[in-house]
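In structure tokens, one chain follows: the form predicted on its own.
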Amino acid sequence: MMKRWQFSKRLLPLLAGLVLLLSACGREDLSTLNPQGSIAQSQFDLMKLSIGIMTGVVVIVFGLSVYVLVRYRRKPGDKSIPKQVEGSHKLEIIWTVIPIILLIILAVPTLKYVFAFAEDYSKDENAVKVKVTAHQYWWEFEYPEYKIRTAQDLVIPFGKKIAVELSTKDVLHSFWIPSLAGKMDTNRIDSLDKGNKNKMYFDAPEENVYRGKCAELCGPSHAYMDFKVKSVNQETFNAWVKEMQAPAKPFTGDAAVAEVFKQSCLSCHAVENEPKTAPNLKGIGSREAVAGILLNRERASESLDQAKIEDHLRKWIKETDDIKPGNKMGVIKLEDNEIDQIVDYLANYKLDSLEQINNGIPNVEE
């Protein structure tokens, strides 16, 4: 028993060190501690205030405890009973008033930010409206003002408010862009349009690529339900809208393979702005990732890697169940030459409006 206790004493410091080490792991651009939007910055300021107050309370309480233990400890040989005193009204008032003051200090900015974050920009003429629909395990983005549908990459103009309306087609999900804004659940809306449509807004301060995730356990591939927010200048955004509104580029392969592509892929996917049950493929060659998690570049300062795009598309078609277990696509049985032509079409379906940002954003901080 003693040996086991000694082993545990040696193991505990090691485990504590591992916890501290692992707590620092992860991507910097997926951290709430690296705010880059006005909403995220306000939330971060509120977090610092609350942590500062709690840290101050802990330091003071522990400091007083140590002081009392040292100052009033029993001296060697002293066996007398200390003088018995009752509570001090002055001290009771002090330690009642101080917490009230601290709560007021925390409550005032909290209430201010809660109401500010809940502001509805859905009727603001200067805001960009986006309907976000969550699926297992991908994100659909609809721009009702422009009659555009896309998936996985949310393209926005920086410096503008983005008014978001959230819903889900299946289970509960949660929309989260750590460096731009906090989490918001997506609720299911039935055919009669009943249900609670959660709304939020955020903005991006500069041209960049921000990473988003699903923050609600939604199934086997919850951890792989990622998306990207691609922030561009207004001119680029306008050009992107025109390209997305334009007719789809025709399939470039053989006629027989074009029919296979139509029957096997376009029965669920779309290359136009029509609603379908699977992600829209229009301009997929310009996206940050395939399936949301197979990154076509690691950082926004790099260029999209064409070889990676092709490899990721081929891998997704062949190994979809291994990459995202539980997804509804399933493995499509295609010949190698059919896959090659489909991959070539999709990988080269690029949007000219995004080419500049896809070639790397200089001096970007991630």
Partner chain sequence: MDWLTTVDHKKIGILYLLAGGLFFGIGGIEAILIRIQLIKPLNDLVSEQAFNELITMHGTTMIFLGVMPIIFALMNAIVPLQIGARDVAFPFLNSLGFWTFLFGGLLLNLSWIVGDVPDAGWTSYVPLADTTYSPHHGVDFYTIGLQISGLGTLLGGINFLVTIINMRAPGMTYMRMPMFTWAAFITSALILFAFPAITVGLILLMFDRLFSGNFFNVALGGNPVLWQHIFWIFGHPEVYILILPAFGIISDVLSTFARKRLFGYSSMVFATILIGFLGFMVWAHHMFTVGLGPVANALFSIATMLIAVPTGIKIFNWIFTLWGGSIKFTAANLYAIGFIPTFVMGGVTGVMLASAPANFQFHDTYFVVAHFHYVIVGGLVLGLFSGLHFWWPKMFGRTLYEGLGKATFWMFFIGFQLTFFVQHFLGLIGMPRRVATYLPNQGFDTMNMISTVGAIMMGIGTLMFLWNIFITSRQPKNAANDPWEDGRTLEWTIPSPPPEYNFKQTPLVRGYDAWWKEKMDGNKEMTPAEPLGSIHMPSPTILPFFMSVGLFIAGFGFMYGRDPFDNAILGFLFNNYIVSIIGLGITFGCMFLRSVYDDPGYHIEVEELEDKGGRA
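Model, not experiment: these values are computed from the prediction. Numbering follows the first chain given and starts at 1.
Same protein, other form: the form predicted in complex with its partner chain, not shown, and the subject of what follows.
Proximity to its partner chain in the predicted bound form, defined as a heavy atom within 4.5 Å, singles out one entry of Q43, T320, N337, S303, which is Q43. The partner is absent here; in the predicted bound form, the one residue of K262, K242, K147, R73 having a heavy atom within 4.5 Å of its partner chain is R73. The partner is not drawn, yet in the predicted bound form one stretch among 152-160, 77-85, 248-256, 271-279 has residues with heavy atoms inside 4.5 Å of its partner chain: 77-85.
Taking non-hydrogen atoms only, L30 approaches its partner chain to within 4.5 angstroms in the predicted bound form. Its partner chain is not shown here, but in the predicted bound form it comes within 4.5 Å of a heavy atom of M54. Remark: P178 counts among the residues lining its partner chain in the predicted bound form, judged by a heavy atom distance of 4.5 Å or less.
Interface membership of K131, defined by any non-hydrogen atom within 4.5 Å of its partner chain in the predicted bound form, is ruled out.
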